[in-house]
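Before any questions on binding or motion, here is one chain by itself as C-alpha cells, the form predicted alone.
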Amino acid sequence: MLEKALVGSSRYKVWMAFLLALMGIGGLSYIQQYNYGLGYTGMSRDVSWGVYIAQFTFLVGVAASGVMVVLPYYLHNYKVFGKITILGEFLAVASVSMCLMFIMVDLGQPLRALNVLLHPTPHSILFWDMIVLNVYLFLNIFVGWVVLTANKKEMPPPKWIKPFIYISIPWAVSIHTVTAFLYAGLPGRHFWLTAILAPRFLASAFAAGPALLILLCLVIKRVSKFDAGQEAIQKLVTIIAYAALINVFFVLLEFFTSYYSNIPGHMDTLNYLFFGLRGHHQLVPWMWTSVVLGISAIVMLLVPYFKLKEGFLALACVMIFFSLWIDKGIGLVIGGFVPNPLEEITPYYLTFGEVLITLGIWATGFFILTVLYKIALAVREEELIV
C-alpha cells in the first residue's frame, strides 16, 4: 500500500516538497547543534529543559488523544467514529514519532539514548516513559495497518487484533500520565509539584488532539472525497468543549491553592507567567494570549451558531490548539524552571537554531502523517468506487 503515497496531484507534491524543504533546513541546523553541542540552544544550567521537551510534552497529549475516537468505536461500538478511527490512530503515530525526535535532539548526542537500554534503571520515570511511548507507537502502527489492510480486502478486521486494540486504550492514558510523573516527581519544582498534574495533562490533551483531528478532517474534506460526517465532527466538538472546560477548572484550582496557601514558591511561577516578577515579563503576553484564545474558543464551541459553521468551527479549533500549545508547549516547562529553587530568575530565550530544528521536526511529523493519511484515504476511495 505504500506505493499509494508516491502518487498524487500537483498540490500534494508541492505540499510534500515544502515539508521536505523544512526537514532539510531543520536537519542542517541539527548538524550544527550536533557539532557544537547544546550551547547552540538557549538552555542553561538553570533552564535545562527548553522548547524541545516542551514540544515533547505537548505532543504526547496529542498522541494520547487518539483514545477519544478509539475507545467509543471499539469499546462501545459507536459507529459514527468508524470513519475517523484510523485517522486518530495515524495521528498518534505521527505525534509519538515527533515526541521521540524531540527527545533525541534534546539529548545533544543521540547515542546517549542507548544508555536507557544498556543501563536500564527501573526506578527512573524516564525509563518507563521510554517503554510506554515506544509500545504505544508500535500498537498504533500495528493496529492501524492491520485494520487498513482488512479494509483494502473488504473484510472485517481479524479477531486476533482486538486484544491489541483494547490494550492501546489504557496505554494511551498511561503515556501522558507517566509523562506527567516526570515533572510531578521533582520535589524542588513547586509549579509541577501538584497531584492534579496528570489530570491536567489529560484534560488539555483531550481538547488539543481532537481539535487538530477536526482541522485535519476539514482539510481532507476539501482536498479529497472523504467526509468524516457532521455527527462525528460534532461529537468531537462536544469532547473538546468539556475537556477544555475541565482543564480551565484545574488551572483555577492551581491558582486558588497557590494564592490561598500564600506560599511564595507556589505563587512566584504563576506571578512570573501571568503578571511578571521582579521586572521579568517575557512570558506574560504569551500566557494572556493563551487565556483569551482558550476562553473565546470554548464559547464558540458551546454556541450552536459557531460550532455548526465550518469556518467558525475551524477558527475555534485553531484557537484552542494554539492556546493549549502555549500553555503546555511553553508555559508549563519554562514555568517550572523560572524562578529556580533559589528564587533566582534566569530567563530562557529561544535561539534561531532551536526554532529551525523544531520546525524541521514538526515538518517530519506532518510528512509522516500525510503519507499515512494518503494511504488510508486511497483505500477508502477504492471502497467508494467499488
Partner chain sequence: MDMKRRDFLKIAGISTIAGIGAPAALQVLLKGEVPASSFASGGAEEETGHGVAAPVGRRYGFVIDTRVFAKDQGLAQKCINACHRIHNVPDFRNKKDEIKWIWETGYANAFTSKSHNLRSDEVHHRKYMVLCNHCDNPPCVRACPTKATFKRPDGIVAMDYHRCIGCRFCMAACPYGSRSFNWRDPRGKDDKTGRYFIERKHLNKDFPTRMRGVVEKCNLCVERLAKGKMPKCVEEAGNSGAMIFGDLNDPHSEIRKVLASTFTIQRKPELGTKPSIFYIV
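Values in this document were obtained by computation on a predicted structure and should not be read as measured data. Numbering follows the first chain given and starts at 1.
Unshown form predicted in complex with the partner chain; subsequent notes refer to it.
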| task | Note which of Leu182, Leu148, Leu197, Ile220 lies within 4.5 Å of the partner chain in the predicted bound form, where distance is taken over heavy atoms; exactly one does. | result | Leu182
| request: Select from the listed residues Pro122, Pro304, Pro170, Pro285 the one whose heavy atoms reach within 4.5 Å of the partner chain in the predicted bound form. | output: Pro122
| note | Here the chain appears without its partner; judged in the predicted bound form, the stretch of 63-71, 313-321, 341-349, 355-363 with heavy atoms within 4.5 Å of the partner chain is 341-349
| Heavy atom of Ser29 within 4.5 Å of the partner chain in the predicted bound form | no
| request: Could you confirm whether Gly108 comes within 4.5 Å of the partner chain in the predicted bound form, counting heavy atoms only? | output: yes
| task | State yes or no: in the predicted bound form, is some non-hydrogen atom of Lys162 no more than 4.5 angstroms from a non-hydrogen atom of the partner chain? | result | no
| query | Does the partner chain come within 4.5 Å of any heavy atom of Pro156 in the predicted bound form? | reply | no
| task | State yes only if every one of Gly39, Arg45 and Arg189 has a non-hydrogen atom within 4.5 Å of the partner chain in the predicted bound form; otherwise state no. | result | yes
